[in-house]
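Consider the single chain below, provided in C-alpha cells and representing the form predicted alone.
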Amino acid sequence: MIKSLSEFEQATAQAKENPDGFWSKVASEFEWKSPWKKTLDYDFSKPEVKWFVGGKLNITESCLDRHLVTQPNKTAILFEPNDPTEAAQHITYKELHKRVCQTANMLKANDAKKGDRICIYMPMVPELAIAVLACARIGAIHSVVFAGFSATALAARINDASCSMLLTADGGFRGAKTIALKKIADEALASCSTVNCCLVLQRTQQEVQWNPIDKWWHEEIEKVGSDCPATEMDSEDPLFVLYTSGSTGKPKGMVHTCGGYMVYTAYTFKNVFQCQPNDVYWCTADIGWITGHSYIVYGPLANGATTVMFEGVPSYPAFDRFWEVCAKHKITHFYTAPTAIRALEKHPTSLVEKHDLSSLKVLGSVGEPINAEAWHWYDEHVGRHNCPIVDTWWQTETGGILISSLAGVTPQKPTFATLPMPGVQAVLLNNEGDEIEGEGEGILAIKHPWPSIARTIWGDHERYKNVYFSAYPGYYFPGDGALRDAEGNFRITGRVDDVVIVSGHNLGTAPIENAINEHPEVVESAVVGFPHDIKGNALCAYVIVRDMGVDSSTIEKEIREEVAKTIGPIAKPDQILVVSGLPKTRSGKIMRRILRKLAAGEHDQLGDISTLLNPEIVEEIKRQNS
C-alpha cells in the first residue's frame, strides 16, 4: 500500500520507466497456478492488449481461498436488506467460500461449463455476488444485467452474448416497491433461443409463472456438495461481459479478462481507499454496474476487506437511510454517486446530523464529475471536514479507477479527479491529436495500456477499434474532455460530444452546468446544444429547482447573469427549461442524447426510452417544448 506522497511519486515514476517490472511486482502478490511468461504484449493499432501472458489462475482463489488461511472468520460480505426491520447478514470468508463452491457445483450440475455465458438478472442480495464468483470459479463468463432493466434490454443482452443460462429471482424489493423480476425475465426469454436453463432464487415469495426450463435455486443447491476446485484459467480468458450504453443505442458488451482485471482492481482498491484490516467499506452501487463488479465484489474481496451490499434505496423508508446504515454498521469508507449526494442535499441537514457518523474515515464519489456545491455539502455534512474525498474517474471500459486522489495520501482538490494512478499515462490532446504540455484543456487520452483495460466488445472487435482507438491513433480515447492545472491535476469537463460550438467558440457543457448549479435555487442542470440559424448551435439548459412553484422567469434571468459572469456572455443559454427531473439511466447518468433531440424538436427520433429510470420525464419535457 502506498502510504505517502513520496511513495506515490516513486511508484508513478517506476511504472512509467518500467511498466513490465512494476506490474510484475504487483501481480506477484496474488495467487497464480503458474507464472506468466511475458508481462505485457500490446499494439494499439490493432488494437490488441495482453497482460501476464501465459499465466494461469482463478480469480476466486485470490478473493476467497487464500483468506481461509489468514482470516476465515472475518466478515466478507455484510448484507443490509431493503427492509430495515429485517436482520442484516454477516457472511464470513469461510461461509462465502463454501456458498460460492456450492453454487458453482449447482451451475455445473445444470450443464454450465468453462466458456459458457451466464446471464445474471438478480436483486442486490448476497446470492448475486455469490453467483458472480461461482461463474468465475468454473470459468463461465458472467454477464450481469441490472435488475431495473426492461425485458427488451435484458433480451438484447442475452442474445448478444448467446447466454446458455439465466440466473434470476421471483422478485426484488426496491424501496416500497416489489419488482416482478421473474415476469420480466419470462418476457425476455420469449425472444431468446440460446437459454436452456433458468435458475430462480426465492426472495419475495410472490407467485410466478413456471416454465419447462425453470428450476428453483433452493432445490437445486440442496443436491450438490461444497467441494469445488477452482477451474484453471488463462490470464487472457474472459472473466465477464458487461454492457454499457452505446451512443448509437446498441449496447456494447465490454469484455474483461481474468488476470489483468484482478491485478488492477485489487491494486486500485487498496491504494485509493486505504482500507485497514478492521474497516467496513460500503459502495452503494449495484453489482449490475462496473462499480459493483470492481469495488463491491472483486477489488474488496481480493484485499480481504469487509464489503457491504445494500438492497435498498437512499429514500426508503426515509431520506436518512444512508446515514442510518453508516451509523448502524460503523461504516468507515462510503463510496457513492454525485447523483445520490445531490438528491440527499435537497433534504434538511438534520437528517444527517441525527446519526453518529464518527466512524467514517474516507468518502468517495463515482459515476460522473462531482460539482462544487455537492462536494462541499458532502465534505461538511457527511465527512464533517474530517474525511478525505476520493473523486474517482473511470469507466466500464477501463475496469478500474484511472484518475483519483489516494485517501489521505495525495492532495485532494474539489471537483478535480486529481492525479492519474501509477501506471496510467494520461495526456491531453488538441483537436489535431497533438499532446498539450503543462496546464491546459483538451481531449483526455491514455497512451499506454493498464492491466484492466477492456480487451474488446463482445462479437464486434471492429466497433471496439473504431470507438476507442481510431479517433487518435496510438491512444485509448475515453470520449471525455479534461483540463489540467499547474500541478498536473485533472478535472473531467464532460463528454467531448458535449462540447458545443457556438458562434465558433468551443463550449464544454460541464463548466456551464457548474455555473448554473451555483444558483441557490438550482438542484441540478443539464446543458445541450441544438441547431441555430445564426450561431450554428445554441445552448438549451434543463434546470431542476428546489421549489417548482417559484417564478421561473426570475431564475432564468439570474442563471443567465451567473453564466455570463462565470464563463462569458457567449455561454448564456438561449433556452432555459425548468423541469421536475432529467432523463437518466438506471446508474444515474443523464441521457444527453435524448435531451439534445428534445431541444432540437426531434421528438420522433428518441429511440428506446424504456430502459430509462424515469421515462415519464421525457413526456413532460416534450409538452414544455411543444
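Counting begins at 1, following the sequence as shown. All values derive from a computational prediction rather than experimental measurement.
One more form of this protein should be noted, the form predicted in complex with a small molecule, which is absent from this view; the next part is about it.
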item: Segment assignment from 262-270, 149-157, 284-292, 200-208: heavy atom within 4.5 Å of the small molecule in the model of the complex; value: 284-292
item: Partner-contacting position among 492, 184, 77, 522 - heavy atom within 4.5 Å of the small molecule in the model of the complex; value: 492
item: One residue of 456, 412, 392, 509 in contact with the small molecule, assessed in the model of the complex (non-hydrogen atom, 4.5 angstroms); value: 392
item: Non-hydrogen atom contact residue 367 with the small molecule in the model of the complex at 4.5 angstroms; value: yes
item: Residue 397, heavy atom within 4.5 angstroms of the small molecule in the model of the complex; value: yes
item: Close approach of residue 315 to the small molecule in the model of the complex, 4.5 Å, heavy atom; value: no
item: Contact of residue 480 with the small molecule in the model of the complex (heavy atom, 4.5 Å); value: yes
